[in-house]
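Shown below, as structure tokens, is a lone chain in the form predicted alone; questions about how it binds or moves come after it.
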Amino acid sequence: MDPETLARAVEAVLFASPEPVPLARLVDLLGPEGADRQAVLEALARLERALAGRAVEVREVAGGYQLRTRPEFAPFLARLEVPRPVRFSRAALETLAIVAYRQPVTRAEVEEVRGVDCGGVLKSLAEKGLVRIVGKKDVPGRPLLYGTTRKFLEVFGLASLADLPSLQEIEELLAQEEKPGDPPGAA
């Protein structure tokens, strides 16, 4: 990998990481592309030079490297409300996936797929603004129908529901992750 491309790869890793990335981890991440410790250090230096005079800089903190805003911009950032990243339990992710792929869907339909009660999880997802009630099903009892929201698209970086991977694509990805000799699902 040429030095400029390596510097951009380092920048991408640092930008995407919520915490400082140790040098050894950078080498591990970029090593398959031919980057050794010295090449990564040179890429960090190249990135520092490229960011000179910009609002962000490469800082060595907490045993790793991180992109940070320069201190002189702290007054502006103090006025910014930074949302905390959304964390999901496995139950929430499973429920959200079912709603996303089968919407509009009732609670009973979600529970049929998951095999467990989902009322609390659906309520939590609704409180977070990721699912909403989109109507009532035209069957006895008129159960509520759930669907995803614009915030769901935003959180998962999707322009529309059409951007969701197909179930076939997911199966192919899972098959690629399973290593020969591993039991199914051990990836």
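In this text, residue numbers run from 1 along the sequence as written. Model, not experiment: these values are computed from the prediction.
Same protein, other form: the form predicted together with another copy of the chain, not shown, and the subject of what follows.
- Though the partner is left out of this view, G53 does reach within 4.5 Å of another copy of the chain in the model of the complex, counting heavy atoms only.
- Of the heavy atoms in G120, some are within 4.5 Å of another copy of the chain in the model of the complex.
- In the model of the complex, L125 approaches another copy of the chain with a heavy atom inside 4.5 Å.
- Interface residue remark: I133 is counted as part of the site for another copy of the chain in the model of the complex, having a heavy atom within 4.5 Å.
- Wider separation of the C-alpha atoms of V13 and L164, by 3 angstroms or more, is seen in the model of the complex than in the present form.
- Three angstroms is the minimum change: in the model of the complex, the CA atoms of V13 and F156 sit farther apart than in this structure, by 3 Å or more.
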